[in-house]
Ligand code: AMP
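Before any questions on binding or motion, here is one chain by itself as structure tokens, the form predicted on its own.
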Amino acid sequence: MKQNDFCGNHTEEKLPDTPSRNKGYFFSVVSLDTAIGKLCSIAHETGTESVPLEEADGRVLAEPIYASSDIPGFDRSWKDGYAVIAADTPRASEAAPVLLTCAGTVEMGSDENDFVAPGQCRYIPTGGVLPKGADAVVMIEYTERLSDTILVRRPAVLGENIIRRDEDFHAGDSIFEAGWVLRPQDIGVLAAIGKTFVAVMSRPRIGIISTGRELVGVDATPRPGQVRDVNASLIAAMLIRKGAIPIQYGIVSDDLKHLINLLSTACRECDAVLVSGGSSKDEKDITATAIEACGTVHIHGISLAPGKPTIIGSVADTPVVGLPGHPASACLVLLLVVSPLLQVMEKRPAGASVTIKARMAENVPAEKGKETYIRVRVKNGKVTPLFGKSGLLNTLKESDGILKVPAGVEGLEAGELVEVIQW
């Protein structure tokens, strides 16, 4: 069984020197592929853990799994009918049925050494153990019972309606590769081979730090000039959907020393850290400075709209991503940049984006030379752009996904067939 290869095929162009406010260096923009490639290159794997089988759905296998025995382990019927010797039935027909003596019934869950001799048969339910001597099962609809005599109206073929003891899996067969993402049906397979615990990759622990003196908690009543911290909840929800564990570190009110201390703590305790806000050009935007004080800023600026001021850095071996403060921008960077990081850390195969094909309802202009993503609504096979400032939430709420306008394209025309990446 195979799933898609891991992400990591992104090319890396030559990166500029580490950004530094002291140098007056800001926004040396790189391509999205380069940014993803750099971020994935500094990621580390999360390690492994053993979880109960019932909790393994959606988890990534840390090791291959082999069949410890033949499955199902015995020859059995997969139809209700009569276990027969095929050689007794070659001339059976509607006009001239073969008469066999019923020697009894196969009991479910029992192996009582039932036996079928020439000229005999036994009633067998679906899943019953095939009696010794029998080599086929005739479906009940092709028979008629008269007391202990069974009229067989159709010839049986050797092996017909039988599942052999090793037909599902042979002992020693490879059932799942390491890296396989378990689904509910896979849990059933693991139960069949007796697995009660499964070794899986640990879920990435991702720290979330919000910055901005204007931010207050979700449960607070904002005063004029203040807003609730939207991004922390948005980020946490997306991380959970992607299989990660969000760790909230609260709000930093544009205090560089506080952010440095909190960032150092989060990087020690987590597999990666996301800092929301403080990544732009304003002198109060301190994220790049804090990352540089603790570690290294590798990239400040991605050729992406919205989302250009994204920062990629590291503290020791912990990746740090500075997200734009506007929710729409943050949501886009989470989807396009952070998701590949999570995949690499958990060795999770890179699944294809869920897309909808539809036609543009109207023309969409775009800035040539910059990869642009537009929030859109899809209805009745038509794609309608939802233009709005990245600081507004209504377009996120109304949108079904995002539409990519490539860097070399000036726009899209009404009626053009496009692919929408669903949120």
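All residue numbers refer to positions in the sequence shown, first residue = 1. Owing to the predicted nature of the structure, the values given are computational and were not obtained by experimental measurement.
Missing here is the form predicted in complex with ligand AMP; even so, the following discussion is about that form.
Shown alone, this chain has one stretch from 210 to 218, 337 to 345, 151 to 159, 90 to 98 that lies within 4.5 Å of ligand AMP in the predicted bound form by heavy atoms: 210 to 218. Although the partner is absent here, residue 228 sits close enough that one of its heavy atoms falls within 4.5 Å of ligand AMP in the predicted bound form. Mapping the unseen interface onto this chain, residue 128 falls outside it, with no heavy atom inside 4.5 Å of ligand AMP in the predicted bound form. Taking non-hydrogen atoms only, residue 285 approaches ligand AMP to within 4.5 angstroms in the predicted bound form.
By the criterion of a heavy atom within 4.5 Å, residue 204 is excluded from the residues contacting ligand AMP in the predicted bound form. Distance criterion of 4.5 Å from any heavy atom to ligand AMP in the predicted bound form singles out 327 from the list 295, 179, 327, 133. Residues of 121 to 143 that come within 4.5 Å of ligand AMP in the predicted bound form, judged by any heavy atom, do not exist; none qualify.
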